[in-house]
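In structure tokens, the next block holds one chain alone, the form predicted alone.
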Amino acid sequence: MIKHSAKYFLTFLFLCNLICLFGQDQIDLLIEKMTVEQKVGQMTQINLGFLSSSVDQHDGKVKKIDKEKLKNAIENHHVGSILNTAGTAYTIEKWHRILTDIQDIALATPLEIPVLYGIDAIHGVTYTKGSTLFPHNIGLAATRNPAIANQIAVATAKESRASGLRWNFDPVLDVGRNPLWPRFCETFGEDPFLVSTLGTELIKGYEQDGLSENTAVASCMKHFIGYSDPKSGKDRTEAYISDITLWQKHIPSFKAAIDAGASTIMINSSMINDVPVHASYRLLTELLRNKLGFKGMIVTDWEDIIRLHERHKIAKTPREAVRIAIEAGIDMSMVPNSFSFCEHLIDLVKSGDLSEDRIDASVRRILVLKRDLGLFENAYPEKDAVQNFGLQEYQSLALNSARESMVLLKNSGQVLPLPKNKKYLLLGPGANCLSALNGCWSYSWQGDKEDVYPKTSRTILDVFQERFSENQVLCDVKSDYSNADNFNINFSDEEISNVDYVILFLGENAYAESPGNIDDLTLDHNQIELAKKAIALDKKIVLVLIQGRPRIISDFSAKMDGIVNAFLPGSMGAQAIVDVLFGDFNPSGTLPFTYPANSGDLLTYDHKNLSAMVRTAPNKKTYGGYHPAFKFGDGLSYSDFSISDFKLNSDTISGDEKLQISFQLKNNSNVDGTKNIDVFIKDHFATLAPDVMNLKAITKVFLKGGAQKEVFITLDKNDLFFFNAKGEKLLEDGFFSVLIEDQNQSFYFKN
């Protein structure tokens, strides 16, 4: 017994020594040994494609890594970080070979500083073959389920770490205020509370085991700040956002993430109020560092220091662009396809235009992150982590999360769920397309390469053919989304006469970032015409929308018997859609955004009272300015829920007193189901014009058929304040209302 105790004690001492070996003091000693060139190298991030033998990095083909280029980057330029793949997704084995080669070179340098590798593991491990892809954030937001977001992050962290990857450029904490924006699908929708709640669960899931564990990755909240509300709706274009709106809508999710312990942050590529964010000392240092308290590492987005000169035109030279960005607060530059950043920054320090102390501060943050990730102890891919890859439980999680994300928007005459003994005509380009189901960041950047998806992947047509007999399913949709045949009905009148139901799969094919820019939210003309042809068949018709943003369907939606919004549901999306259509799963998802009826009507649910007013003639007005196709929080069920006996524990609260809301929730049907509950607060009057209402709480309640339950929700003064332009919280006496669906009770708050 004594021998065992001594053994355990010595092991404990050894581990303590390892931990202390690269403690803060050791990092400071290491920095003292470093030359300016070595320090600047640590601040440099290079794209793996730049280190390959290929000229065209974006042709989607896998590139061969050039060992001499790799050695030059690490040995001569002291590069501290590499990102991306050189092509599409790799096998775990290939990832391990590449990462081992990188660290072999790095650890053979005099200072033996390992390389930090970063990747976009968005909705699952984007760039590893055989990984599980989950619903995109916009679908996760529809689940109103923070626990499932956490579980997805845990699974993603495990599969990332199994691949040898320890730094994930996720989650997106931008609040989706403009649905034209092509990265809308990466957001949790238009509400800052929803983004904060689910975004922090991803961060916790990525990091909660501790960064040194082989089940965790460093998260990267992005894109600070205001990226998601461009004036034009186009990617990487300017936004004009008041300080009040920044504090009310865009800052809360980042503050919540900082408080949750996010390790790194990526910066908005664009500009706010004519100032590029990468150049803003006010935003990056005064706000992010000093006011919000972020202590971690700040990384740029792709080429964004270079673009201060080339695109934004605020720097006369590339050298000046580097100086501006570093002075603003940047720690690491995603250069990513040249060594220009190194060259300019070295010159800036040696010429005295930037102090070496400023460089040391950034290098310290980078080295601390490498230490925390365990890279100094073991820089290589961890063999033990591989056992956490490809587990069956991830597939179950992908299926459950996709099911919960489905939003039933319309169900006229209870057309859904469909009977299983009828005949179905499947139409529309989404019926037989893997990329449409998975969207961007799916084994390739754009996600549109059908041939790189796992052989086990299933399209909707595949699932129909597996579950139903051959004579029940009529479909000739091609896997190529844009194939002209996909927008026609290529069957005879006799064949169609035997069909009982038409199911129409419309929306968008996969796209990422700027290639997804559009000029109009209205659905593609060819799809609208197909919908009209389908309606003319005079059959019961169900529309399934597979899309990353709300494409406008007003031209034909009134003629649809049922409408399901499936978003971008991921690896198990086809199965989840069919489960919902046929009642194997009772939908519970609710919209995380306002679904516009018209392309020029983009009001969010939390608009101002003024926005809802439409002046129809002199001295006449109506409050019909807010008229979306579907409202934020809309979502039907195969169950029939009702809320009654809605009450507050008091009509007045003051100070730290709690406001307790209670109501009876009843399932009036014989179908078991889950109800998503959104709780809103309305501030009747305030010194800054209040929104019509704001989301303050979410919960989910499962009820068996015929069951009833009393539900309790607690709010307090922290749900009643608003921000001014300085970021100060204002809490004023006055009347407020609590709103849940058609229920409404008022109370008075006294500060």
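Computed from a predicted structure; not experimentally measured. When you see a residue number, it is the position in the sequence shown, counting from 1.
Missing here is the form predicted together with a small molecule; even so, the following discussion is about that form.
- Figure note: of the listed segments 636-644, 299-307, 418-426, 391-399, the one touching the small molecule in the predicted bound form, with heavy atoms no more than 4.5 Å away, is 299-307.
- Taking a 4.5 Å heavy atom cutoff to the small molecule in the predicted bound form, the contact residue among L409, L165, I528, M266 is M266.
- With the partner omitted from this view, the residue of K675, R371, R403, R183 that lies near the small molecule in the predicted bound form is R183 [heavy atom within 4.5 Å].
- In the predicted bound form, at least one heavy atom of F169 sits within 4.5 Å of the small molecule.
- Residue contact check for L504: none of its heavy atoms lie within 4.5 Å of the small molecule in the predicted bound form.
- Contact annotation: M334 falls within 4.5 Å of the small molecule in the predicted bound form, judged by heavy atom distances.
- With a 4.5 Å cutoff on heavy atoms, L83 counts as touching the small molecule in the predicted bound form.
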